[in-house]
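Below are two forms of the same protein chain, given as structure tokens: structure 1, then structure 2.
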Structure 1
């Protein structure tokens, strides 16, 4: 969900620094000391946004997944290369028709309240996610056409679907399909969003405290002994404590890192890369995020964006190259399609096919009948100004300077006569307007190492008013057919074909305006060893340790 300027030569310098600091796959981040991991200590990890909800079954924010990945285990583990490994499930069988997945569960796993993790726990959690009363905004879509979970025996769970569902293993590897203790669901289900000790799971850390606006605290689960089969650390976390601090100001995060107040900082901006790389005690890790690029989604359900010519004018009438280059200095790549280049099914053929063209945008608006201009230079038709409503998230939820990026696009749109109104209301009002179809434009990226993210963003059944994420509000038969086909087969050639065509059609219909590919840039003290990154480029602290 959605999110200082050095001299021009900084673009080349920052790019070099970031490339030099990249981590790949799930490999632990290198530290200066190497050797035997050290037990104990605390790491403070500063992030740029605070979750609206800590209920992992309800929240759609990537920050929720980032933080709670360290609390929740999954049935399977997806590494940085996209391969799956045993985790809470020792093994699994997939039906030939892809309508059922049978998992053989480990027998030694316990929730931190002492209750056992078993097939019944799988059923309780998946049923909770699928229950409309839960109001899941992401996990329910990850479960797709869920039909139910059968408890075959205490340690065998058979998950069934109404239709073939190829993306399920990847979905089952995410924190969003992680498991709460059935006991806490029964006793505290309505309190899980608030965070804190009620969030009982099986992971390497226990959610021990939360102070709104400041921090979340996690302490070591000493009984943890069921890490993924490919994890460097097979047992309990080395750290005694992991503290998450909410520091939305980049300068504060970087300053806290350089001063030693924190040990890891998320979302390092380009202008601060040199500061961190130039510090002998610090380093950078950078990794392109999989899933959907940060994009604008144009609401086709009402005027003025029910007119394809107006949508196309917006698509080519904002100077994306200049905006991304000037603000991010090479840290982020300009996007040409919805999928990130690191995601399977990426349609490379779309690159450079719809460049900025102010003259063509003006021509399209003339053809659409918006030929007059008012005293402020905005286009009018039948006495009405051409205005689009593009809500901005409250400041604490804005990331990557997307508000500043939007200001540049507002100026571009004014040049072609479109007024972009950017109200910044409270989060409740924002959600009601964007997900209720009242806004004209929504902007966000979506982290997921699976091209089925296109189903979430483009399929007609993924209606935001019913828990979906298709903020174009368009039920296009071809997009729906192609994204349905993609999730009903494991044939790579078929998936690449339909997902490639879906990306092309989304651009042709001008229902999306891809902007940039998010890159997870993390600054850390070199004393932090063993920090790994999962398939979503999110940091995993189970194997992290502090050199003395």
Structure 2
């Protein structure tokens, strides 16, 4: 994401921290199945957040894309392995310079208001996203250096860019680049954010009702016959109705699931996993979120972390295994590299290469000259205590008990003589310190089903002071070159190579300390069959059915 103003940065950043970034592709084929699908019935799906805006072109929230994925189709479909399949586009061609993409569209697709889906609809939608007046917070960045869409003929659309833009196919597979009926854009463009029946699309469900603070109702689109080529169900949804309930409190979601009031619950916290797995009629689906793992980013631009030995000592001097295991009850994986295992380009070779080693950490700190200790047992050099500033987000933004996890690491650091100072200020102060380069350590994850997330986190041009996300504040020529190469080619071998090397180098330089892989844990009644998960580990209900 590219931010221009500090305020916008703050707003988007908060949202990203809170909601885990952006979207990805999907994988309807990977759902479980048990017998012949049954038609009819209603499923209630409880989520933890209510969208601020239901306008899929405007919202940057995960939850908007997640819920609306059931209403919106995309040009192409990305499967769990990152491969692309035909969806609304039967086929496509990418220009050699990656500056234009030509899509041949299906001819039988209709919006639920009867308007045909054609090249003109693609143009109207993409132009709307790119129009600054739309104030798109995510979709516009997914369109990147968008130049325009040319209607070659009724069913051929050519999307052009001002520069080479390799990530476009992945972007086009997200719900955020989904299509509203041009008719509703014209008549209700400014009302789409409010949700409800004006949100006319082509998908397997129709937005039939919305009660703020409570629920959104989707009913089956009986004419639907254009599912992704690789979907298990090529036709209309089996369910008559899908109700989304907004239940922010985790215990309420879990309680509603165990008591049978809802059939699917999103974001089940690790400590409640046993309650669900111990119930004979319920089951858990845990999926690694794609993108970057939750990691510490060490600020190399100032003392004491400009010293690689001190950084290395922190990297191996905190007991990540124990912390992650105790906090997340074995539900979340401990991380070894920046990319999560479900992201293309994941460097598996890094696993187990930098285990916890208190003695080696102490030795590194001795070598770095932090040899004497003060009264409280902290290391000192030239009379100065070895202190790192590691700000804590305000309580309402803390996810996954990362504050408690951090207390464990704070105690580990104390053991090797490093004082971790963890001020908890308001969000404005937090952003000023972390993104202004005043803090020594920052911690976050960044969701996106694209290894290009490494550009955001490691490229020298992604300076947080200029709206970037590289809180290591290091402009390493190799990391910058590799992440640049990765985004300018579609050659998988080249991308795997550069992204693999970048992950290795980030660990070798000890500029990052990956901690754990954020995991989306969904609880569901076993009666719900055929539920598929998209690349963000969110459920897709087009192929779901309810056993009698």
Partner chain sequence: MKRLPVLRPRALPRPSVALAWTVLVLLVLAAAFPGLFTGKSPIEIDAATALRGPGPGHWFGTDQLGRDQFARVVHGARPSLLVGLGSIAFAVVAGALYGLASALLGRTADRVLMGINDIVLALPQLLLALLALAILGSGQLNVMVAIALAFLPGYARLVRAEALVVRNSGYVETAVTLGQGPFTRAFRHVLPNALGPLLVLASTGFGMSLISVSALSFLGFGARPPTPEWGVMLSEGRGLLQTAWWLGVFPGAAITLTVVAVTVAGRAAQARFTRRTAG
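Here the rigid core means the biggest group of C-alpha atoms that line up within 1.5 Å when the two forms are laid on top of each other. Residue numbers count along the first chain shown, from 1. Please read all numbers here as calculations on a predicted model, not as lab measurements.
Comparing the two isolated copies of the chain, the second one is the form predicted in complex with the partner chain.
In the two-part rigid motion between structures 1 and 2, residue 318 and residue 167 are assigned to separate rigid parts, each C-alpha being placed with the superposition that fits it better. Two rigid parts account for the change between structures 1 and 2, and C-alpha superpositions put the rotation of the smaller relative to the larger at 29 degrees.
Comparing between structures 1 and 2 on a rigid core frame, one finds that residue 445 has its C-alpha moved by 5.0 Å. Note on residue 343: its Cα is shifted 2.3 Å between structures 1 and 2, core used for superposition.
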